[in-house]
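Taking the form predicted on its own, here's one chain by itself in structure tokens.
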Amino acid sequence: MTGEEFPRWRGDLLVGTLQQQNLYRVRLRGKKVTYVEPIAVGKRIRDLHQTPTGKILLWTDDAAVVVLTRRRGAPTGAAVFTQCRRCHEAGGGGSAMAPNLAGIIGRPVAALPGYEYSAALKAVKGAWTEERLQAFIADPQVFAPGTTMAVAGVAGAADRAALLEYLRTYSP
């Protein structure tokens, strides 16, 4: 992705589907997929094109053209948290793939019972301060090289600030 319409998607790939009727946003780090986000379209996607301004045009099976544009306004923490929710919350009655983030600010790093943390995260001593969370959220691999957190991080400073504000009071 390029252009100004979807700045958080810059560098990501978009994949359209016929059967699922979804668009998938895929983030790579090197040759590894680190994040996949399904975007429900509700139509079979035949082709897609990005305009020079960054808008996404989807050509559907019924010969319609769907134009994706970004929602305007300041990011909300709840909206940013959707990319965290997939791993950090249990879905369908199962257990989450990653530790629960409720009460993370002030909690010791890599200390929530029931999760096997990476050696890289265990080596980080002390508690999760807002500054540490800000650094980790920006780029987990820079904060704790070797961490098993596969997501590349939250790119925008406004998005990170909104996410931290959300985490201050978050409870699943």
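Quick note: we count residues from 1 along the sequence shown, nothing fancier. All values derive from a computational prediction rather than experimental measurement.
The same protein has a further form, the form predicted in complex with a small molecule, not shown here; the description that follows concerns it.
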Notebook entry, point to check: Going by heavy atoms within 4.5 Å, which of 42-50, 59-67, 23-31, 132-140 lines up against the small molecule in the model of the complex?
Noted result: 132-140
Check: If you check in the model of the complex, is A162 within 4.5 Å of the small molecule, heavy atoms only?
Finding: no
Check: Would R107 sit within 4.5 Å of the small molecule in the model of the complex, counting heavy atoms only?
Finding: yes
Checklist line | 4.5 Å heavy atom contact, L14 and the small molecule in the model of the complex | finding: no
Notebook entry, point to check: For Y35, is any heavy atom within 4.5 Å of the small molecule in the model of the complex, or not?
Noted result: no
